[in-house]
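Below you will find one chain, with nothing else, as structure tokens; this is the form predicted alone, and questions on how it binds or moves follow later.
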């Protein structure tokens, strides 16, 4: 199995390490590759979009290198039913609809999740926090929110996986998973439950 981690910005190495550990726990052989250019995602079995600054990431993945761009490859992978996971800014990019900030910055979205997201729903960087969260099909996980978005509208085919306060913070539509928090930060403590859930999506 090959998992690609979009490496243009954010917790790239943390996702690589978390995915490798999750694969080891599940007995899955394969590679985890961070990439900044087209050509790797299209040859992968799954892809992760880390957090970061959504406008910047959007510009980089939609930018053509030759005749290709990473955005088209991510969309193609999802259309093939292969697992795609976005965390924090990655959730924003996977969504079909954004809020005023998304529209004002003209951030192009991938449109793979039939949801509407709100950027910075929980405040700025200094208002980051960590809470135990009930995650459907997984159990309780420690969720780290950093300048986190949230889902404010959900389409009929979207499954809600987790909620916090008045917001939806984890969703799934087919093999596409979007999280408002940062599960990769738990891997240093040996907790890879979310990445295991993501990898198992390829078996569903």
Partner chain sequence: MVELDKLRFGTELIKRGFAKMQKGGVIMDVTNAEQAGIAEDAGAVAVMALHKVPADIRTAGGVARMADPKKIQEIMDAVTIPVMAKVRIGHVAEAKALEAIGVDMIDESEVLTPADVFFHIDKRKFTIPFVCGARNLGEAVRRIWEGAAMIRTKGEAGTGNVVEAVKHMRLISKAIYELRKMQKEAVYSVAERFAEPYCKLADSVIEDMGLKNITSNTVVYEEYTLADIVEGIYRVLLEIKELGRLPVVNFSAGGIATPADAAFMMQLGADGVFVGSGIFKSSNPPEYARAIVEAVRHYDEPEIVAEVSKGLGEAMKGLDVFKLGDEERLQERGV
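Positions refer to the first chain, counted from 1. Quick caveat: nothing in here was measured; it's all calculated off a predicted structure.
Just so it is clear, the following notes concern the form predicted in complex with its partner chain, a form of the same protein that is not shown.
Annotated contact segment (heavy atom within 4.5 Å of its partner chain in the predicted complex): 160 to 168, selected among 39 to 47, 160 to 168, 66 to 74, 24 to 32. When its partner chain is considered in the predicted complex, residue 53 lines it closely, a heavy atom lying within 4.5 Å. For the chain shown alone, residue 16 is not a contact residue for its partner chain in the predicted complex, no non-hydrogen atom being within 4.5 angstroms. In the predicted complex, no heavy atom of residue 195 sits within 4.5 Å of its partner chain. At the 4.5 Å threshold, heavy atoms of residue 127 reach its partner chain in the predicted complex. Within 4.5 angstroms of its partner chain in the predicted complex, the stretch 88 to 117 places a non-hydrogen atom from each of 101, 104, 105, taken in sequence order.
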